[in-house]
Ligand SMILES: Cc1cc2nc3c(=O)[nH]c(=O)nc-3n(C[C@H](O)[C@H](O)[C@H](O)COP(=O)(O)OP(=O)(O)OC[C@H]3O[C@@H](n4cnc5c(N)ncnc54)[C@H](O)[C@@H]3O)c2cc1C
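Next comes just one chain, in structure tokens: the form predicted alone.
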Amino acid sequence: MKMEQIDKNWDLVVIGGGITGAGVLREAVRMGLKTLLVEKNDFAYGTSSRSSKLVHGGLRYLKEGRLHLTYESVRQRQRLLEEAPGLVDEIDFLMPVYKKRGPGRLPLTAGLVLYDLMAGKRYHSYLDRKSFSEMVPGIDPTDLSGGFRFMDAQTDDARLVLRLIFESIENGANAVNYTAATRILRNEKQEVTGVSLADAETGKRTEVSAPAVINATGAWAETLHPVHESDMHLRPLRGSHLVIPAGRLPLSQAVTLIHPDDGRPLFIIPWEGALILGTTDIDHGKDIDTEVTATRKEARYMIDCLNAYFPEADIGLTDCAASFAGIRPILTNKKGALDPSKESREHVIWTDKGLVTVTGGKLTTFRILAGDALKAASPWLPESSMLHLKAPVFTENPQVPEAGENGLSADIWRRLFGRYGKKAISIAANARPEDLVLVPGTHTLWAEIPVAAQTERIRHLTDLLLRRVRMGMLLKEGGRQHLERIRELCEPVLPWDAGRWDEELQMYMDYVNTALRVPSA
């Protein structure tokens, strides 16, 4: 959308197109507010496409005594499982118990019982050594006593953000990517009156008016609105992951690992046709405006943990298809920061005459963040607007077609409806038969790619292949071997000439070879 096409008057402007901003937008539209969301990069560009893909209660927070955070997370997880099937789905976790390393059976039992009580349903069970080894082929048998099986949930984080945004647009909101909020406008009383906007690439500018602005920019929040408390600041923590081809390690369930060096929990989880190994939790220590990437030290740390549990697999960095990293925004005390893994994941909000900043929190609890931010903004919003947090997060999907229709299985239909809502039917109906098959090594249909290119506000090939579909981070070299077919599919729906296509392909490969490369010696 061009700058001159953006309306000038709004009830609310939301800055930030990650999960928090998308959640605020969805609830604001439900309140009847005329709402604009702006994002300086692409939607879900930052942390919200680089998370661990888990919608979880945070079992480790129980150990830290953060019962309220765990309870809120578990309850929100249960709601999303019910309201967003195919986008948020259950995943079994397996946790080995060893005699001489890691937590023992009794403390884990206590934690998992409490976890299930919060969910209102028993999910966990204990498996003996033989049964556990059968479920986790290749697990180190030395001193293995058995292990636990329990449930959490996973999602496609970028698609979660995108569905929130596009359903909001369908219901009357507007959302524009590659549009930076450069300044908060105020009157002589320092009350918010609007926002100055600039196209992040062309530099074209405009101003919009609004009595309320919600700053949901995560780790970048203080660039627009410094924390009021002088002894507090945002602490950017980096979480890095490795992507491993599924065939390299035969796992059908997620496995929780305890690092032998420092006792931190890591995991390896099946996701979208690959395996994700993660995550680290360290101070970023770099300019957050530069591309966030995993370091070789982090990659080695994760691989060492994996090989401690699967020694015969002997997985090395050359086996990995890609790496990715994101930043967690944590509010901390300047005087003495805790160990990164012990910092609170609770969200925080501060206000200033119409400007509301919300940061922190977890992917799982985005609706709580959105609700609290909108409550904080209520003095500057129309009196008639009311929150509806008990309503389902998404518009109810039409009835899923019978399995086998269009040659698609029930699982593929479920996945399409979860990611695209009612648009899933047109994706299948308008596709050629040869495009209703999966891109090798992924769970993405070829048919999804041109539809996303045409209808989901992409500006670059990176937007399409890293966030609308995820093949760029799942396949070695970003799926380079498929780029010719992708171009063939998308040329009819994108207004790019041959020169632009060549430029986009080069930009895409440059990005893959730098931001997603696997750190090596």
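Everything numeric here is computed off the predicted structure, so don't read it as measured data. Throughout, we count residues from 1 along the sequence that is shown.
There is also a form predicted in complex with this ligand; it is not shown, and the following applies to it.
Report the residue, out of Thr179, Ser168, Thr357, Ser323, that has at least one non-hydrogen atom within 4.5 angstroms of this ligand in the predicted bound form.
Filtering the options by heavy-atom distance leaves Thr179.
Among Leu33, Gly194 and Pro379, does every residue place a heavy atom within 4.5 Å of this ligand in the predicted bound form?
No residue of the spot touches this ligand in the predicted bound form.
Tell me which stretch of 469 to 477, 49 to 57, 487 to 495, 456 to 464 has a heavy atom within 4.5 angstroms of this ligand in the predicted bound form.
Flagged stretch: 49 to 57.
Find out whether any non-hydrogen atom of Leu224 is located within 4.5 angstroms of this ligand in the predicted bound form, and reply yes or no.
Output for Leu224 is yes: heavy atoms within 4.5 Å of this ligand.
Wondering, does Gly218 line up within 4.5 Å of this ligand in the predicted bound form on heavy atoms?
Gly218 belongs to the contact set for this ligand.
Is it the case that Val13, even though its partner is missing from this view, gets within 4.5 Å of this ligand in the predicted bound form, heavy atoms only?
Looking in the predicted bound form, residue contacts with this ligand do not include Val13, since no heavy atom lies within 4.5 Å.
Taking this ligand as it sits in the predicted bound form, is Leu363 in contact with it (heavy atom to heavy atom, 4.5 Å or less)?
Leu363: contacts this ligand in the predicted bound form.
Check each residue of 7 to 23 against this ligand in the predicted bound form and list those with a heavy atom within 4.5 Å, in sequence order.
Sequence-ordered list: Ile15, Gly16, Gly17, Gly18, Ile19, Thr20, Gly21.
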